[in-house]
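Have a look below at one chain only, the form predicted on its own, in structure tokens format.
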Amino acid sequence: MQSLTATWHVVEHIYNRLTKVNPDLSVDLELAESVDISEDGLTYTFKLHPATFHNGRALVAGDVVFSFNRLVAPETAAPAAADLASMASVEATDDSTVVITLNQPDASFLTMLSNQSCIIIPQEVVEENGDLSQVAVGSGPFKFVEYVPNTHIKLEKNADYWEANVPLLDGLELLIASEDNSRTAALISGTVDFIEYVPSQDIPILEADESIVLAGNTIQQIRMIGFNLDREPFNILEVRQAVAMAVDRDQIIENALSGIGTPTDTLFAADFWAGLGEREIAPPDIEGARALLAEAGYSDGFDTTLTGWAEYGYLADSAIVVQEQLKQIGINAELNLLDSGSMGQVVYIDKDFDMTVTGDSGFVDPNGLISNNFRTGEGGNFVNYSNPEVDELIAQGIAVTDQAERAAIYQQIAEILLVDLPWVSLYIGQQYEAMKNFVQGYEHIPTGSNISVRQVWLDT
């Protein structure tokens, strides 16, 4: 199962989840018509909307049971299995009722159910095809029609969709254009009506075009250097500290994002309720970094690899800048830029890398970022980090419901991670979507989701 943002931006149009995230980051019900939570916080009883899969079969509670059990099954090896880490069992008491029992109270549970990993899928389609890599049969507002690799994905309106007046468009053609200039040019020329991931350097151009409207700015994301902690020399703390000391975040933002981004050395934005607030970030210290490498036994530096994304220009450019910065302390990193499919396999599944410049986004609750990436043994923990104290704090962070108490726990985790340095956090970017001015009804969601496309219409 893929955890890539590009994949999710297709999945969210085809499938449903029990819950969803609104533009204001509140969590709402989607496929679930209602939810009842027991007084002890351990039992969630969902009633489902009547819905039909795109193959014509009615969606029933048993499909939720199958989908969730499949996600957490060891043989699935899903990187996002941590999204259901609190689930002890799931059962269907009738065709429209799902009962989920937790192994402990989890303040983040409804939020976690809104993640794209928790889509509801038909069991027979998986059994017929082995997996969902070549087919897509959901209950969402759009049906899968065609995928031409590296070219486009076509979706058509689901005329039987259960939600009234959704979708408003007859279909979507999602063009695959990883090169920044080509996306901007396609929108300006009218080849496309909408683009995501507006290139930072093109924002002034698009703002000056009266036929184009921008949406966005805020985004729940973090971009970082991740270390494979099972590989030498990155299992040595002083080496990781040296990398952190060599990094010039302002230079990365200037060169990779045209100056549009916020430098950070921790996990969350300063104004996020679970973050550490405003912090002073130490400037680069090349001599100090070299001294740390010498202390670790690498006074002459070393050769390594730096893996990154070929198809996200700002991440590729970030990796290039990091590569140059590391040369100053004798770390010669061969750049290995991969397409999205290869990146997902190499870094997140095989974990076959030394260092990587990558990111995480879409989280609403802090547990969505922390548990999946830092809990011992979780599928999304691509850096192979393990700290029993952090594991215990992760458990505490979902066991309490008071936000101030939870914030203190996640702040404690963030402080520990600043010491252990499984990541070197780099920046929080801004993200925009751009569209022709006849595209109406679209709302930017700070998770990066484009789910509001289902409410879009064209006023032409």
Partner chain sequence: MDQDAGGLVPDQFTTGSDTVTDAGRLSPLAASLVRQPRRTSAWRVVVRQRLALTGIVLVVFFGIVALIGPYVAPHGKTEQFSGARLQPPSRTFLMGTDEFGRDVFSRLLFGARISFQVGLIVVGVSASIGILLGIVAGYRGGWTDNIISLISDIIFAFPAVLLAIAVITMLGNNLTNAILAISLVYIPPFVRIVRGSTLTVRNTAYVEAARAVGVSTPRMLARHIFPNITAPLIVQASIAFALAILSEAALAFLGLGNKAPEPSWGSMVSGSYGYLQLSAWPAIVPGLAIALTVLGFNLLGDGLRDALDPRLRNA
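Source: prediction; values computed, not measured. Positions refer to the first chain, counted from 1.
Heads up, the form predicted together with its partner chain isn't pictured, but that's what we're talking about next.
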Can you tell me which of 378-386, 318-326, 211-219, 295-303 lies within 4.5 Å of its partner chain in the predicted complex, counting heavy atoms only?
318-326
Identify which of 76, 181, 104, 123 has a heavy atom within 4.5 Å of its partner chain in the predicted complex; exactly one of them does.
181
In the predicted complex, the residue from 291, 335, 166, 281 that sits within 4.5 Å of its partner chain by heavy atoms
335
Give a yes or no for residue 156: in the predicted complex, does one of its heavy atoms lie within 4.5 Å of a heavy atom belonging to its partner chain?
no
When the contact criterion is heavy atoms within 4.5 Å, does residue 201 count as touching its partner chain in the predicted complex?
yes
4.5 Å heavy atom contact, residue 254 to its partner chain in the predicted complex:
yes
Looking at the partner-bound form in the predicted complex, is residue 237 within 4.5 Å of its partner chain by any heavy atom?
no
